[in-house]
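So here's one chain in two forms, each on its own in structure tokens, numbered structure 1 and structure 2.
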Structure 1
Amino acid sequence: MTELDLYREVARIRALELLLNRYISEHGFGGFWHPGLGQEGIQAGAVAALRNDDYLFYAHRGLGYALAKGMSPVTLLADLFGKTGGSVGGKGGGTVHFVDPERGVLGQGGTVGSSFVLGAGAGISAQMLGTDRVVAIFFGDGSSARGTWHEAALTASVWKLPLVWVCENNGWAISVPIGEQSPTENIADRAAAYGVPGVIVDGQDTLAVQAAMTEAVARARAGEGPTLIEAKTLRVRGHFEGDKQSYREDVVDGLDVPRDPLKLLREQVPAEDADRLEVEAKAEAEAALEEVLAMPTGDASVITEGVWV
């Protein structure tokens, strides 16, 4: 993806993040919204290296992953607000689920770290069916503690499954800082134990994320197995919108993103293009929210749908 295309994606995600921040601070939210403000560059940069038919298991922090994979902001916001126009028919909300089989968006679990094992399974299908699809699995530093990662990583590496694990290390798992969760500074150091490359990248540098991801995807597609990418970033907001963060000394005041990925990327593109894309992104986000707020929520008939085939 060109710098300009990437800028468009980061700007689109940012516009939605800011709009949601404003809307939720005014109206509240029925569930937990985990803002991804400041982590847009990782989400857009990594997804940019995927093909449309590659698989995506996203994490809970924001909606940038699915937007970058091509899902419409109307669908995503509808899922967020539990509206019928969403992809999960009013069953999202809370830890928000989106799905789009046509674009390889395969969902997430309500329990973080679910996707390590499921993503490995999608890689087995790709391997068995002889497609060269790759599976991207996003997770946070806190989720890297899950046993599911260890169980999946061992076998995925032995079987050379076409996976890329993208760790968004934002320094926090709710209230516990990374230094109290991990004996090593870098999550990527663990890659050696699984016999896979562990790559550390600046998560605010969208182009660097894209470059690392492109290499990892090529490796996976070539049948050489998984790669772990650790993108270093910072959790700008609370764990969920409304979290007072009493446990935290380095609270970011307001919505200013330190080492803002959008501003860093802006240096790479013509100013007038950047301005135009930002205006477009804002308009897209606002129109989407307006459309979604006017949608009905599901009636009781949806409750019993989709339990069994």
Structure 2
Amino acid sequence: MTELDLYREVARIRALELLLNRYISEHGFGGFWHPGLGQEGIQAGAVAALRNDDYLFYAHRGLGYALAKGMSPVTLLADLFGKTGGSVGGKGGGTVHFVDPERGVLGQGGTVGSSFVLGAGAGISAQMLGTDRVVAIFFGDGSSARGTWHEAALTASVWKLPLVWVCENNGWAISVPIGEQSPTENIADRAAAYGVPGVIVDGQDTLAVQAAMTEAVARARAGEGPTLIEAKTLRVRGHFEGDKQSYREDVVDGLDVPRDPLKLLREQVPAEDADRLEVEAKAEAEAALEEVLAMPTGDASVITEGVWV
């Protein structure tokens, strides 16, 4: 993917982030939106290294993962607002739960850290079926404390499963700083215990993320097993939109992003193209929201749809 293609994706993600921030501040929200403002470069850069048929297990912070994988902003917003036009037909409104198997978007479990074992299972299926699909599993530094990470990592490394773990280390697990939740500064240091590569990358640099992910994906596709990528980033907003962050001293309750991935990437593309893509991204986001707000909300009957026992 070229620099201009990446800029388009980062701009599209940023437009949705700002749109949701504005909508929630003006109208409120019937759930918890976990903003990914400032982390768009990780999501766009990493997903850019995947094929359409590669599997994706996204994290809960933002919509950028699935948008970059090809899902429509209309579908994603509809899922977030609990509308029937979403990928899950009105289930799961208020937080990110969406799925698109044709694009490899396999969703996530209902608890933090469940994607580690789900992703390992997807990797086993790809291996058993003899495909060269790769599984990307995104998570935060807080999720790395879950036992599911260690269980999945042990199996995946021994069986050389085609996985790439992408840790978005923004320094906070809800309200707990990284120094109080981990004995090591770097999550990537844990990879050595499982005999797999651990790579640290600047998460604000979209091109650096893409390069690291491209190498890890090639390694997994070649049957050489998993890689752990730790993208160092920051959390601009609260754990959820509306979180006052009284536990932080470094917070600025605004929309400015230090070392903004969009601005850094803008230096690599013609200014007129960047301006055009930003205008297009904002228009796409506004049109998507208008369409979604006109949709009906799912009723109680959707609970039993798609459920087998």
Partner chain sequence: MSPVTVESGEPLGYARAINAALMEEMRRDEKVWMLGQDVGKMGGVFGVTRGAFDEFGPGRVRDTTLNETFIVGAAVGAALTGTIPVAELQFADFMMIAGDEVFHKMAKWRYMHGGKLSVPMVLRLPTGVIGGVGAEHSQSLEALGMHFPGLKVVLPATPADAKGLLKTAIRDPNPVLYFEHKGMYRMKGPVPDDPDFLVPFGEAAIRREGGQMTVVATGLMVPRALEAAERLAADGIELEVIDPRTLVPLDMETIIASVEKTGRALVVHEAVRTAGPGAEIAARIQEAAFFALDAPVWRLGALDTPIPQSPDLEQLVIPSTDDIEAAARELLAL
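Keep in mind it's a predicted model, so treat the numbers as computed, not measured. Numbers follow structure 1, counted from its first residue as 1. Basically, rigid core = biggest C-alpha set you can superpose within 1.5 Å across the two forms.
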Query raised in the report: Do you think the form predicted in complex with its partner chain is shown as structure 1, or as structure 2?
Result: 1
Query - Threshold 2 Å Cα movement between structure 1 and structure 2 for E290, core superposed - result: no
Query raised in the report: On a core-based superposition, does S301 travel 2 Å or more at its Cα between structure 1 and structure 2?
Result: yes
